[in-house]
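Subsequent text provides structure tokens for two forms of one protein chain, presented individually as structure 1 and structure 2.
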Structure 1
């Protein structure tokens, strides 16, 4: 059943934040709402949790209209970007607090036991007797999460909980979350501007754009089949590359002709992309990791089927074994990922081969996905 949201509207002053948003979150999923800062993710979460009221529209939990149900009577938890804990209570009292006011009338022992268990699970059992201001940022946030989890809410809302944490800690918690929540029945609704975080943890992802969810789907589906340009550009680190090309069809082959005359084969051998019209402009998308960097000799013997793209290197960033190449092409900034360092200086012309089976074709006007070549590896539903 889960949470269903219908036609949600909200504005602050003259600024419309949500404009008729619809959403379905199945029970037991880890659902990420992804969007840049200021797009209304926080508002959406707050309305769903019942902290804020909407201007219009309805939120259902398990099919029940929640508009008249007070927050206290909902089985929800919330974790904020700032580490929100009760400053005057110790970590232990913080954790115990939701249980003490619960109408289930827990006994002292039960409360203690659950506090210990939860603290152990989130690795904060060593700081139970400290005040929140005495612990590190990571521990404070774990405390906030523990307090949200301890009463085993049906729905847990998390609003960029990792944003204010150190990089390494974020990596660690991201991994912990994925494990923790795949074992719990709690449905998690997670807001983040970081595509990477969402992809790492979620089972489902929704992309919020101009007040609506323009796509919400299981994680692999939205990553491998981004239905429109904004989703394609956002969900990926670095983002998907997009170039404009015109479809040309002649007696022997079909190909996209780019502005600089490069031809990208339109999969004649496999019969892909049937629904395209010759003479039209398309946005052709491909992921940076699908661009294969060709060293000098490789370029000469590139695979016959593959398309070769020539671009000017603007800038290289090498982190560990991966180099991110910033490329200037047709007035746009494109990216390519390469395993291993690239020894070339800015301004050098580089060649890349591209598998025509891994292209995404978008309508140049509407921005809608027309065809995608990349296969979806598996649709694991958790």
Structure 2
């Protein structure tokens, strides 16, 4: 069944951190709680794990109310941002320590076997006789994760475990986590401010905003169908682009007119976005990877129903074969991804084509998703 949270509330003094939060985490999932730093992710994990108490609400494990169950009586493991290992013990002794104090009375042979198996699984079997100070940052974090996993907990809570690692180690551990936890029965609850970490590893993602999970869903669904602007603006690397446009309709065409006069095709009255109202302002979203760099082509060569957007280049980041273009459009920073280097100087005027069937349309006042292009994957709503 998994973990269910109902109407969770928590305040520190006058600061409300969790304000009636509801959440369901299915068994066997890798569930990431995503939000900016300070939004309450750590508090939520600590309450779910039983380390901290809530002011109100209930946490259930497999349908059982855990309000009176102490953390030591729960089948949980906890991994923190800091590398929490015993400095005077070897890696082998660190891994063995949870089993040695367990009330299950493991034999020495059982302990040794599980230490060896867990170390091999986490790729630290070659450092078992080292002290924590003698290993790398990634190996130290793998040791902390191994200590949490060796008891085979039902639920593993991980609070920003990659935050103190350099880029290369983060990338390696992200790949390792995805592989490792796809092979485990343990349900993982992972807190991170990094959208990329969540999108790379998770089976499910929840976005925490103003004390509540405003959307939680399988990874692909929440990415391709962000139901509100806070989710759309945060969940992506780079994030979704958003511009304001007014829907205009005349006898022959419908289009969104942007503040600089640019027109984005919206189709005929029976085509794309037929339910939208002419004369209304909307927030128009589009992904950086859906902007096609025209690379010096005449904008008039853009074909089909594509719209052409013209904007100034702020700067380019090129990683490997992919370039991220930071763009200035009407005073707002937008992003585009290009599969290859872009040789242009800051301030250069660039043109991009955009397929209107890949647009997201959000209500300008409520921020809710009200329409999406036909080329965007759809999912059954809860």
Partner chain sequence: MKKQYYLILFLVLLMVPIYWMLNMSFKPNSEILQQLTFYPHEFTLKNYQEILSSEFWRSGYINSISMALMNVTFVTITALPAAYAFSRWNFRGDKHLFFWFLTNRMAPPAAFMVPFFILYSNFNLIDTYWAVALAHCLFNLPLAIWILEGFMSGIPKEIDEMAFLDGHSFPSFVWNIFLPLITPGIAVTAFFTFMFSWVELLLARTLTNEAAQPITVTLTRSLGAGGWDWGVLAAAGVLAMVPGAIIVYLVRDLLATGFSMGRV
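C-alpha atoms forming the largest set that superposes within 1.5 Å between two forms make up the rigid core. All values derive from a computational prediction rather than experimental measurement. Numbering follows the first chain given and starts at 1.
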item	value
Panel number for the form predicted alone	2
Rigid core fit then residue 164 CA moved by 2 Å or more between structure 1 and structure 2	no
C-alpha of residue 113 off by 2 Å or more between structure 1 and structure 2 on rigid core	no
Rigid core fit then residue 184 CA moved by 2 Å or more between structure 1 and structure 2	no
Per-residue C-alpha deviation between structure 1 and structure 2 [residue 87; rigid core superposition; Å]	3.0
